[in-house]
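A lone chain, given as structure tokens: the form predicted alone.
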């Protein structure tokens, strides 16, 4: 009973922080003619409510795709339609075709913010609560501490409740998938992940670990017996779920192909803005987009992504355990973020979810990465006028997570899984790697704080207007690359021993 009281308190704190952030500005507020992501979400409600489903993804006189055309899978469109019905009931002006373009008012802002909160309450937050209570090791106090830190991750809060998006829906469905697989409900897990993928195509970042885990489990059970039955059941589950999600578009192959073209816009280029991945960082030294053709860029990014994700997936195929699955999710999402085509800065949230899953297992490394992921979106938050909530939520998360999870105390070489590093660095004198990691963490946080202050307080040189966004991008990229290497080494190391887990608890 006491545990559930603490859980309720954690959820309440998470909701209060979310609503506090929502009182601030949002993407494109008052910035004509295109506004921002807030207007994009409102416009999708307008389109889905007023036009037949056959026109949602097509450029017509009533649907200008150059003005925030729908470019997410069908489940996002259905969600927009549900929100539109509610909006129409409250105030028809909010979804009037063409007339509502760029609509802004305090009442409408309250409605839009409430739709994000309701989605979180229905999908994301229940999945977080159940994961922390049933799939994390340790005492009730430790589980509740992990829950609070999970819910206070600032990156997701600032993007969904500040900038304005519905990432909690797709991440929530993905987390329901993780939860179901962890509890042995493979078919239900497949359904949940299919829903995530049909809400946001970026969930492909997590697709290979789901596939490899289920395939590896089927092979382990035996493809001539129970394993074959499991594989067929999962395949049928996936096909039925996709068919139901795409049902309105399946009567005409042209409709389905247009949806695919809209959700995979390869014409946009290798990367946008100052995203903290390999290609944007490399662009500082060589203008890769000028050197290579669009097709060459696409093939290069595909090859690099495949090579980066392959070791982790092969390991998961041969050892389909839940521990390996969580690490593969982190490695796959980071590989996609670092090397894939057309990456946005907000896509780091897809790597942040697996890091949250590891808060209880590798607290210092998970906290470090989550803090860096929030910092990597600093230019976006400054653009949206979210400096104060960025500072408050980042500092709050850093303090409470380090204190509640004892992150700086739980950083011995065994707890950080650094044994493999000694084998890799055998030619060097024996080093105190735990001490080095701890001091690197202090230096890293100081650098991020210094760059944040500089980006706000200093004006860049006239000939380098993007100096601070580029520095933030490169600093974040170095953190992400280091985390990617670390998680891969941990995945190929021995799994955590029961002895060390009991010691931590």
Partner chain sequence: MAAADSSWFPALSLGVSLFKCLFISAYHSTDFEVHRNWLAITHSLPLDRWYHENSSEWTLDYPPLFAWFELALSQGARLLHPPMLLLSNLNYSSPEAVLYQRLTVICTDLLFLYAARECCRCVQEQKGSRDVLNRPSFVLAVLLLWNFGLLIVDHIHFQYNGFLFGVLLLSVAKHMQSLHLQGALLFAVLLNLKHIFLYVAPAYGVYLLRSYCFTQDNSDGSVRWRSFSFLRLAALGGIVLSVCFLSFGPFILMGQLPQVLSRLFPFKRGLCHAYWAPNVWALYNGLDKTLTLLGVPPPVTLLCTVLSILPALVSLWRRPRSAQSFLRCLLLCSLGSFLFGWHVHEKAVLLAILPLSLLAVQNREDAGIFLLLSTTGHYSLFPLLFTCAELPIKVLLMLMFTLYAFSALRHLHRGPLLRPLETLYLVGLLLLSLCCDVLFPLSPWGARLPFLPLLATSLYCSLGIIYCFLRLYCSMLGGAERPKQP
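Numbering follows the first chain given and starts at 1. On a predicted model such as this, the values are computed, not experimentally measured, just so you know.
The same protein has a further form, the form predicted in complex with its partner chain, not shown here; the description that follows concerns it.
Undergrad: Under a 4.5 angstroms heavy atom criterion, identify the one residue in 118, 286, 388, 424 near its partner chain in the model of the complex.
TA: If I apply the 4.5 Å criterion carefully, the residue I get is 388.
Undergrad: Work out which of 134, 85, 403, 435 lies within 4.5 Å of its partner chain in the model of the complex, going by heavy atoms.
TA: In short, 403.
Undergrad: Any idea which of 40-48, 22-30, 66-74, 441-449 reaches within 4.5 Å of its partner chain in the model of the complex, heavy atoms considered?
TA: So the stretch in question is 22-30.
Undergrad: Is its partner chain close enough to 54, 81 and 264 in the model of the complex that each of the three has a heavy atom within 4.5 Å of it?
TA: Spot residues vs its partner chain: no contact at all.
Undergrad: Though only this chain appears here, would residue 490 touch its partner chain in the model of the complex if you measure heavy atom gaps against 4.5 Å?
TA: Close contact is absent here: in the model of the complex, residue 490 is far from its partner chain, nothing within 4.5 Å, heavy atoms only.
Undergrad: Given that its partner chain is not shown alongside this chain, does residue 311 nevertheless sit within 4.5 Å of it in the model of the complex, heavy atom to heavy atom?
TA: No, residue 311 stays farther than 4.5 Å from its partner chain in the model of the complex.
Undergrad: With the cut-off set at 4.5 Å between non-hydrogen atoms, does residue 12 touch its partner chain in the model of the complex?
TA: Although its partner chain is absent here, residue 12 would touch it in the model of the complex, with heavy atoms inside 4.5 Å.
Undergrad: Look up in the model of the complex whether residue 16 has a non-hydrogen atom within 4.5 angstroms of its partner chain, and give yes or no.
TA: Flag for residue 16 set to yes.
Undergrad: What are the residues of 136-155, in order along the chain, with a heavy atom within 4.5 Å of its partner chain in the model of the complex?
TA: Residues within 4.5 Å: 141, 145.
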